[in-house]
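Here's a solo chain for you in C-alpha cells, the form predicted alone.
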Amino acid sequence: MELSQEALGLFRRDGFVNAGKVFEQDELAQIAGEYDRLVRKENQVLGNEEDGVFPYRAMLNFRSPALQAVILHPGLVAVAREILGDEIRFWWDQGINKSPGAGSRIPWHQDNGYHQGRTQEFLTCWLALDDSSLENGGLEAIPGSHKAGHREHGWEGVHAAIPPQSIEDEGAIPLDVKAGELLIFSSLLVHQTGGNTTEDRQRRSWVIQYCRGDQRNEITGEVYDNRPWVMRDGELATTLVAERPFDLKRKHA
C-alpha cells in the first residue's frame, strides 16, 4: 500500500493522517481474536479505580505468533516505508481497550515522552478495531504540534504528561476512526484520550510503532539494535531479528 502525495502532505503538515484500511476482513478478524485473548482486565489495566480502569497489554507480538507476523505485514510496512525510508526497525506495540464506562484519561503527551533520555522521531500506527470517537475514549490531537519538536514531560502515575501550562489546545480536534482503519502519526504529535462515557461501545486499538534503522538515544548514544529489523535496503524481513535481545522488563531508554 502506498500513501498518496496528498496523504503524505497532510502527514507532514498535521503530524497525522488516516491511511485507510490496510488489512483484509479475515486478517482483521484474526487480529481481533488474538487481541481479545490477550488484552483483558485480569491480565493488566491502566487508569484508576475511582474513574474506572481499562484493559492494557504491552508487546502483544511477544505473546502471539499470529500478531508477531502482522508486524511484518507488507501493507503495513509499506506505509511505514513512505515515512521512514528503506531501513526500518520495529519499536513497540501495545493493546489499549477503553472499555465502556472506563473514565480514566491518558493526558496530553507525545509518544517520545515515554522514553528515558531522548530519541528521534518515530512512527505510530494506530489500528482501530472498533469505531473510535471522543465519546468512547478516542484520540484528540493538536494538528501541527509535532513541528515544535520534543516537549518536556512529567508523570501522572504511569503516564508521561506535558504540564498543562505548556499546552495550547484551542486548536485540538478529534481523530475519529472507523473500525479497520489505520491512523498514522508522528511520535512528536501532542495527543490525548479521554474516558469512555458510553455504556456499550468498546474502543479497542492496537498500536504498532516503527523507527529508522539508525535510531539512537541522543543523550546516551545508545543504538537501538535491540529493536528487530523489518526492512533493510528496501527488502522486507522474513522474521523479526535484532542484534541483541529486547528485555521487556527493562526500563527502556
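In this text the structure is predicted, and so the values were computed from the model without any measurement. When you see a residue number, it is the position in the sequence shown, counting from 1.
Below, we turn to the form predicted in complex with a small molecule, even though it does not appear here.
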| item | value |
| --- | --- |
| Options 146-154, 70-78, 173-181, 102-110; stretch whose heavy atom lies within 4.5 Å of the small molecule in the model of the complex | 102-110 |
| The small molecule: the contacting residue among 188, 32, 207, 53 in the model of the complex [heavy atom, 4.5 Å] | 207 |
| Partner proximity in the model of the complex: residue 196 to the small molecule, non-hydrogen atom cutoff 4.5 Å | no |
| Residue 119 within 4.5 Å of the small molecule in the model of the complex, heavy atoms | no |
| 4.5 Å heavy atom contact, residue 90 to the small molecule in the model of the complex | no |
| Contact label in the model of the complex: residue 167 to the small molecule, heavy atom within 4.5 Å | no |
